[in-house]
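Only one chain is shown below, in structure tokens, and it's the form predicted on its own.
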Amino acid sequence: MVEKYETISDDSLRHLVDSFYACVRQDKGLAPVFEASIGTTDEEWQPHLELISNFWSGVILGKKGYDGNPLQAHRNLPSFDGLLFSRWLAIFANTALETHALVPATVLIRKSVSIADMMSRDLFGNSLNAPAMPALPSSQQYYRSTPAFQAAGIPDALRRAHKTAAGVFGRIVVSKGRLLYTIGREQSHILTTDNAGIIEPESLHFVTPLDDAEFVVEFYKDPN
């Protein structure tokens, strides 16, 4: 089992940033956007990795050392689809959980949502958007529900990548607060009382409470 950082430090943030951008550089959606601005070689990427590590040390640890302008830097990027913020969040959330224990990973994920939302508002004039939620087929019938989960008592298993059984759909219904619902490494959705999350069978997913959230998971399957 890979040892994870129990606390956030300069070293843990550098590990997070290096791991995150290694994934970004392999991602078919995000790689072209960043490579057009930064380049394709390790040498071209090194200054960016150092800059972003300093940025995260500033926003999380309050350290000085970042002298960039993140909003202007993103305004200078080539035109890109605003839905890519959802993909960016999904990769970041996965990487945070792969490099840090649950408590510090949650701090990092919450901050990433705040940053992505700020960027989206500045660049596109609206809060975070995401691809269409998977649909719950009409053939599926409700058969049970979990107890209500509150932010402080969400089972660890639900906060790390897991999946439902074959043929079983889930529906995440939020009754209070906000929940980040991440599907694989492809998309993240902010769930509220106004929108539920649909879990497709055998699809890797996890949730992260963004505040004092409360929710249940309903399960559906084809009775035939």
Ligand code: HEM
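Start at 1 and count along the sequence shown; that's the residue number. Predicted model only: the values in this text are computed from it and were never measured.
A second form of this protein, the form predicted in complex with the ligand, is not displayed here; the remarks below concern that form.
Q: Of the listed stretches (184-192, 158-166, 171-179, 32-40), which one has a non-hydrogen atom within 4.5 Å of the ligand in the model of the complex?
A: Only one stretch passes the 4.5 Å heavy-atom test: 32-40.
Q: Could you work out which of Ala116, Ala151, Ala130, Ala101 is the residue within 4.5 angstroms of the ligand in the model of the complex, going by heavy atoms?
A: Flagged contact: Ala116.
Q: Taking the shortest heavy atom distance, is Ile199 within 4.5 Å of the ligand in the model of the complex?
A: Heavy-atom contact with the ligand at 4.5 Å: absent for Ile199.
Q: Even though the ligand is not shown here, does Arg110 get within 4.5 Å of it in the model of the complex, heavy atoms only?
A: Output for Arg110 is no: heavy atoms all beyond 4.5 Å of the ligand.
Q: Decide whether Pro70 counts as a contact residue for the ligand in the model of the complex under a heavy atom distance cut-off of 4.5 Å.
A: Judged by the heavy-atom cut-off of 4.5 Å, Pro70 is in contact with the ligand in the model of the complex.
Q: Is the gap between Ala135 and the ligand in the model of the complex 4.5 Å or less for some heavy atom pair?
A: Contact with the ligand, no.
Q: For the stretch 58-93, return the residues whose heavy atoms include at least one within 4.5 Å of the ligand in the model of the complex, in the order they occur.
A: Residues within 4.5 Å: Tyr66, Gly68, Asn69, Pro70, Ala73, His74, Leu77, Phe80, Leu84, Phe85, Trp88.
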